[in-house]
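One chain is shown next in structure tokens, namely the form predicted on its own.
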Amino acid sequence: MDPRINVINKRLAGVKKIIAVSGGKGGIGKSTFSAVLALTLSKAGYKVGLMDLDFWGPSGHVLLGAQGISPVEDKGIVPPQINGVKFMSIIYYTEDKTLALRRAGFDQAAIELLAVTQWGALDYLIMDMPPGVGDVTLDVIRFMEKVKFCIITTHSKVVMETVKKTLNILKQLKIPIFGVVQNMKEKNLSVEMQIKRLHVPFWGKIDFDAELEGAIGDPKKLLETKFSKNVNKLIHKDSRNHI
């Protein structure tokens, strides 16, 4: 057995809740939702960590404006804090270079990053996952008993098909699904009924925000966007789905 597995459990001992944000495809706002959710929870007074495990397209550092900020070593790696959020990403080690690895390599990189990161005491650890259910996601499922999944979708038929497959796999594996969020909602294009027919919780909708792009890289501006306000509504939606 890989000795790093036991280390991962120790690293996460002080984390109360783990929310893995995933989706069937890239480009649906999964990373943006992860970053804004972490910032919003931190603003509400919670101790929050954000881990970018999307090695194929890491973007958390861009969203948070984390360039030029590095973790420090102290019996492991201690993530830097950005606007109150502890942030960890493979980008600290690869910089802007493409990570050219086979799937097994990504798997090992994820295990290593999970094993070395010192989170300390957290109320929430938000994990930005790769699209779909691949090796990295399966490792998170194997190693993190407290994890619950939040699935991001849009009204696109293509996206919905991949989301359905992702949800079916999670259900087959008996992994808790916190809820599905419809991102970039326009007009009356809702997927709520489709999601409910799959017998999984529908958490809510986030309206399309044309001004969101201009706030990327500035956590304070991100928290002022309509997108962030929608995320805040989701957090306080109701007692049954309260995060």
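If you're wondering where the values come from, they're calculated on a predicted model, not measured in any experiment. In case it trips you up, residue 1 is the first one in the sequence shown, and so on.
What comes next is about the form predicted in complex with a small molecule, which is not displayed.
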**Item:** Residue contact check: residue 131 to the small molecule in the predicted bound form, 4.5 Å heavy atom
**Value:** yes
**Message:** I'd like to know whether residue 29 contacts the small molecule in the predicted bound form, with contact meaning heavy atoms within 4.5 angstroms.
**Reply:** yes
**Message:** Would you classify residue 40 as touching the small molecule in the predicted bound form, given a 4.5 Å non-hydrogen atom cut-off?
**Reply:** no
**Asked** Is the gap between residue 212 and the small molecule in the predicted bound form 4.5 Å or less for some heavy atom pair?
**Response** yes
**Item:** Candidate stretches 41 to 49, 179 to 187, 196 to 204, 66 to 74 - the one whose heavy atoms come within 4.5 Å of the small molecule in the predicted bound form
**Value:** 179 to 187
